[in-house]
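Here you'll find one protein chain in two forms, each presented separately as C-alpha cells under the names structure 1 and structure 2.
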Structure 1
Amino acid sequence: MTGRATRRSWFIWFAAVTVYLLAVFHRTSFGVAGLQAADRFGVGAAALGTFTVLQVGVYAAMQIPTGVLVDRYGPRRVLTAAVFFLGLGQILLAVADSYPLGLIARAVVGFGDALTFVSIMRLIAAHFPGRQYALLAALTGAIGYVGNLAATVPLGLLLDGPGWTPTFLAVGLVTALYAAVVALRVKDSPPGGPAPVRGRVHPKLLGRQVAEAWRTPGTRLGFWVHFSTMFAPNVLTMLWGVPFLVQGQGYPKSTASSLLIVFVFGSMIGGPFVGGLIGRRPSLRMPLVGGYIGVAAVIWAVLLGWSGTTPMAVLVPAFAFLSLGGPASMIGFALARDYNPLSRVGTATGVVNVGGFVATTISALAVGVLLEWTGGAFRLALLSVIVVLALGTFRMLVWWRRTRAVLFEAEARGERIPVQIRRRRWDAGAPLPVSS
C-alpha cells in the first residue's frame, strides 16, 4: 500500500494483533504451568523440556508453509485458523490427563502459534504504507510482550486458585471464540486492493514461490539479520538465562527470574523506538543492525570474561541492551517486505522468521551439549553464542554486499528502489547473485 492508513486499517491491525498477544500468552504459559504439568503428568525435568522443544519445533517447521498459505489463501483465513488452533490446544491441555495427550495439546498450540505472526506481517504490508511497516511490526512485537507478562503472575494466580482444568478451559474457550471476531473483522486487503490468487494448489508452483523468495537477495539478507539478532535474547529468556544466573553466577532463583523481566521491558520500550526510527530513515536499517551486533559482541565478551560473580550494575544494562535484539530482528521483516512483490511477502516473511528460530535451536542445543562436556562451565558453554553470532554476521555481510550490488544495478536501469544508498569502497567487486 502506498497511500495513507485509514481508521479501518488500524481496526484490522488491532483485531489481528490481539491474536498475537494471545499466541505469546499461550506460547509462554508453560513458564508458570511447568511445575504443575510435572505433577499432573508425573514427569521429570527432561520430559518437561520436551514440551518446549516440540512446540518450538512445530513453530519453526511451519514457518515456510505458513507463508505460502498466507499468500495463497489470504491472512484472514490463516489467522482465523491460528486463533482456533491456539484455543483448541489449550482446551485439550485442560482435559489432558496423560503425558502423550499433554504433548499433543502443546503441539496443537505450537501449530496455531506458527500461523499467527506471518499472517499479521502480511496484513500490515497490505493495509499500511511501506514507511509505516517497520513501526507497526515493532508495535506488534511489543504488544506480544503483554501476552508474555499475562502468562506470569496473572496466570500463576489462576492456576493456584481455580486450578489447571478451569484455567486452561477458560483461556482456551475465549481464544477459540475470538476466531469469529477475526473471521468477521479482518480483511485481506484494503478496498480495491489486490486479493490473494486462489485456485488449485500445485506443489511445483508452491516450491517455485519459496525458491523465488529464497533467491531474492533482500529476503536472504533479512534471514541473516533475523538469525543474528534475535537468538541470543531467546536463548537466555527461553532456556539458559536462569540456569546461567543461578548455577553459573550464584544468584537466587527469584532474583534470576526477576532479572529476565528486563528483556520484556527492554523489548517493549525499544521496539517502537527502533520501528519509528527505521520507518522514517530506512537507510539506517543496516547500520542499526551492525551497531547492535557490535555492541552485543562486546557485552558477551564482558559477561563471559568477568571473573567471579558479575554484579547487577553490569547485568541489568547488559540485558537491557541485549533485549533490543528482538526489535532489531524486525528489520529482517522490513527487508522481506521491501524486496518482494506483495503476492510473495507472506512466503518471504516465513523464510525470514525461520532464521532466528534456527539460530535459537542451534545455540540452545550447543550450550546444553557444552555444559555436559565441561561439567557445567557456563562461560565456556556460552561461547557458542559468540560462534553463532559470528557465523550469522559473516553471512549477513555477504548478503548485504550482494543486495547492494543488485540495488545499484536496478538504479542504473532506472528502476524504483526501496532505499537510496551511496556507493562505498566496500561495494567494489561485490558479486551479483546468480539468480538476479
Structure 2
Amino acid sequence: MTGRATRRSWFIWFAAVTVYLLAVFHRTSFGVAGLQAADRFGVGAAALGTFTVLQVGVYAAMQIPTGVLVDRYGPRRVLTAAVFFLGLGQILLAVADSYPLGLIARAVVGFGDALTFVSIMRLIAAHFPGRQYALLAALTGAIGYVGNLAATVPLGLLLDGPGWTPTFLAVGLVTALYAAVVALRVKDSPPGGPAPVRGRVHPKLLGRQVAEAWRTPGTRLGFWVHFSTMFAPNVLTMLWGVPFLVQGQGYPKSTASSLLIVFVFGSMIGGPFVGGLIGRRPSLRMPLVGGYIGVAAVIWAVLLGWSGTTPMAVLVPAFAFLSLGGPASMIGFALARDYNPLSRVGTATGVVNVGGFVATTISALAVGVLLEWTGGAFRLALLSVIVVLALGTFRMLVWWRRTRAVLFEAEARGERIPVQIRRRRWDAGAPLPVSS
C-alpha cells in the first residue's frame, strides 16, 4: 500500500492486535502455571518441558501452512479461527485432570496461536504503507507483551486464589467470544482498495510458493535472524524462568514472577524504538541484530558462570537486555516483506516465524532433558541456550553474506534494491545462494 493509512485501518489493526495480546497471554501462561501444572498432573521436569515443546512445535509446524492459508483465504477468516481455538484450548486445560488431556489442550492453544501473528503481519502489509511496516510490527509485538504482563503476577494471583479451573475456564470463554468481534470488525482490504483476487490454489502451486519464499535469500536471512534473537526470552518466559529462579536461584515464587515482568516492559519499550529506528534507517537492521546477539552471549556467560545466587542487581539488567530479543526478531519480518512480492508476504512471514519457535522448541526440550540428567542443575541445563544461539548466529552470518551478494548483483543490473549497502572486504567472492 502507498500513501497514508486511514483511521479505519487503524481500528482494524487494533481489533486484530487484540487477538495477538490474547495469544501471547495464553502462550506464556505456563511460565507462571508450570509448577502448579507439575503438581496437578504429577510430572517431572522433562515431562513438564513437553508441554512447551508440543505447544511451540505445533506453532512452528503451522507457520508455513498459516502463511499459505492467509494468502489464500485472507487474514480475517484465519484470525477468527485463531481466537476460537485459543479459547477452546484454555477451556480444555481448565477441565484437564490427566497429563495426556493437558497436552492436547496445550496443542490446541499452540494451533490457535500459530494462526495469529502471520495474519496480523499480512493485514499490516495491506493496510499500511511500506515505511510503517517495521514500526507496526514492533507495536504489535509491544502490545502482545501486555498479554505477557497479564500472564505473570495477575495470573499467578488468580491461580493462587480462585484456582486452576475457574481461572482458565474464564479466560478461555472470554477469548472464544472475541471471535465474533474479529469476524465483524476486521477487513482484509483497506477502505476503497480493490478486493484481493483468490483463485483456487492447487497443492503444486502451494508448494511452489513456499519453495520460492524459502529460496529467496532475504527470507532465509529473516528465518535465521528470528531463530537467533527471540528463542532465549521465550524459553524463560514460557516455561523455565520461574523454575530457574525458584529452584535454581532460591527466590520466592512471587519474586520470580515479578522478575519476568522485566521482559514485558523491556519489550514494550524496546519494540517501538527498534521498529521506528529501522523504519527510518533500514541499513541498521543487521548491525542491531549483531549487537544484540553479541551482548546476549556475554549475559548468558555471566548468568551461568555466577557462583551462588545471582543478585537482583545483575538479574534485572540482564533480563531487560535479553527482552530486546523480541523486538530484534521483528527485523526478520521486515526482511521477508522487502524481498518478497505482496502476494507471497504471508507465506514468507510464516517461513520466517518458524525460525524462533523451532529454536524455542529445541532449547526448551534440551533444558528439560538436561535437568533430569543432572538432577536439577539449571546452570548446566541452560548451556543448551548458548549452543542454540551459536548455531543460529553461524547460519545467520552465512545468509547475510549471500543476501548481500544478491543485492550487489541486482544493483549491477540497475534494479531497485530495498536497502543501500556498501561493499566490504568480506563481500569479495561472496557465494550466490544455493537451494541447500
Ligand SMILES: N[C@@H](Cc1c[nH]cn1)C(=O)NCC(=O)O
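Note that the structure is a prediction, hence the values are computed from the model and not measured. Structure 1's sequence is the ruler for residue numbers, which start at 1. Rigid core: the largest C-alpha set superposing within 1.5 Å between the two forms.
Enquirer: Which number, 1 or 2, marks the form predicted together with the ligand?
Expert: Answer to the question: structure 1 is the form predicted together with the ligand, whereas structure 2 comes from elsewhere.
Enquirer: With both forms fitted on the core, give yes or no for whether the Cα of Gly241 moves by 2 angstroms or more between structure 1 and structure 2.
Expert: No; Gly241 is a residue whose C-alpha shifts by less than 2 Å between structure 1 and structure 2 when the cores are overlaid.
Enquirer: When the rigid core is used for the superposition, does Val174 move between structure 1 and structure 2 (threshold: C-alpha shift of 2 Å or more)?
Expert: Yes, because once the rigid core is superposed, the C-alpha of Val174 moves 2 Å or more between structure 1 and structure 2.
Enquirer: Do you see a C-alpha shift of 2 Å or more at Ile104 between structure 1 and structure 2, with the core held fixed?
Expert: Shift at Ile104: 2 Å or more after core fit.
Enquirer: Quote the shift of the Cα of Gly161 between structure 1 and structure 2 to one decimal place in Å, the two forms being superposed on the rigid core.
Expert: Residue shift at the C-alpha: 8.7 Å.
Enquirer: Relative to the superposed core, what is the Cα shift for Leu79 between structure 1 and structure 2, in Å?
Expert: With the rigid core fitted, the alpha carbon of Leu79 is displaced 2.5 Å between structure 1 and structure 2.
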